[in-house]
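Here we start with a single chain on its own, the form predicted alone, put down as structure tokens.
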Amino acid sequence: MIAQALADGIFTGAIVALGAIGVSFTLQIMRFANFSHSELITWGAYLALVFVAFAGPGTPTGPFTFGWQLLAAAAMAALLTGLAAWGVDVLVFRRLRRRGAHPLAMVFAAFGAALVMRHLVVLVWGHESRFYTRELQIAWQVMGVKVLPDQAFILLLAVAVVTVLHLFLAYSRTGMAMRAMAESPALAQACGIRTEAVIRTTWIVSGALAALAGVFAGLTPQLHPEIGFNLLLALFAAAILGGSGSLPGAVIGGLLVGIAENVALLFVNPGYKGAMPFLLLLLVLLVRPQGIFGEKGER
């Protein structure tokens, strides 16, 4: 049913969009593809699991499978993952930047960091799948479409997070500095902007968003060590599709990727699901190489 596939695609796209925002920021501000971003998603999901192990997911509130404890765990995981992302920058990427490393060297370093982070997850938590909660829930019927209450909550919370981030980028001094860095790091530095402070904020915000994407992905339906890796290609497809450095572009790109993956299941073998975002990406870039919201002439 096409309506059900579209609805499922929107819920999936909301999660992809949160992760794609961080990828987009890194591409535009840091000027390299951070392939370790997917592992920040995994770490965020598992850090939330640590808090849930102590406090539990909470007594289910209304139709949802969790209580306020899981939301508190997600908030703590976002904070810690943001700091972890900054820590990776301090240990790896900042040292390479100061040595004038080529962007390709940064990409290889990101691959190395991703492998280390992924194996640490397996070392600590193992390979088996885990659950935040095992509560069952009854799907809502909305105009013939089945919607799980948890999915609706995730979508609304994702919209709220993106709205707050938009206001932060548009009206705060730090947000404007980040946009200036995205346009031209050299010019931003010449204007007195503290570039290292902007870079630190970029990593913390990107890591926090990645953690929320991981928690949301793990909530429906389960958590496993490959949760971030499985989203990696979709994240980059969404970021490039929307236009590097564009917040609306990352959001729209994420929604389009989610819809493409789920609608494709109606017509092709599920094994080809992962190829759909790139087919969509190819079609869009043939018409608009800079992405949907990208500006002409940007690198």
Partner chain sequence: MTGVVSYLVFFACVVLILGIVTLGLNLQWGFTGLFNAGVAGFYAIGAFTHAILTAAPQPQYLGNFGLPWIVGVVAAMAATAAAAWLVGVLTIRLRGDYLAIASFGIAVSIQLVTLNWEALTGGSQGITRIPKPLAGVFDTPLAFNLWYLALLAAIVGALYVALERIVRSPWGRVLRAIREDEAAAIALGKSARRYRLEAFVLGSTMMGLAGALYASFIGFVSAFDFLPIVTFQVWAMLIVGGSGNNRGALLGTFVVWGIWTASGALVTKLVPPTYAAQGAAVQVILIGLLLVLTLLFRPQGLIGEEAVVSRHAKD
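In this text, the rigid core denotes the largest set of C-alpha atoms whose superposition between the two forms falls within 1.5 Å. Numbering follows the first chain given and starts at 1. This one's a predicted model, so the numbers in the text were calculated from it and none came from an experiment.
One more form of this protein should be noted, the form predicted together with its partner chain, which is absent from this view; the next part is about it.
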- Query: Within 4.5 Å of its partner chain in the predicted complex: all of Trp68, Phe216 and Ala264, by heavy atom?
  - Reply: no
- Message: Given that its partner chain is not shown alongside this chain, does Pro60 nevertheless sit within 4.5 Å of it in the predicted complex, heavy atom to heavy atom?
- Response: no
- Item | Partner contact for Trp140 in the predicted complex: its partner chain, 4.5 angstroms, heavy atom | no
- Item | in the predicted complex, Leu255 touching its partner chain (heavy atom, 4.5 Å) | no
- Message: When the contact criterion is heavy atoms within 4.5 Å, does Ser244 count as touching its partner chain in the predicted complex?
- Response: yes
- Quick one: find which of 256-264, 60-68, 41-49, 236-244 has residues within 4.5 Å of its partner chain in the predicted complex by heavy atom distance. 236-244
- Counting non-hydrogen atoms within 4.5 angstroms of its partner chain in the predicted complex, say which of Leu136, Leu91, Ala190, Val164 makes the cut. Leu91
- Message: Just to make sure I understand: among 98-117, which residues lie within 4.5 Å of its partner chain in the predicted complex, judging by heavy atoms?
- Response: Arg99, His102, Leu104, Ala105, Val107, Phe108, Ala109, Phe111, Gly112, Ala113, Leu115, Val116
- State yes or no: after fitting on the rigid core, is the Cα displacement of Ile10 between the shown form and the other one at least 2 Å? no
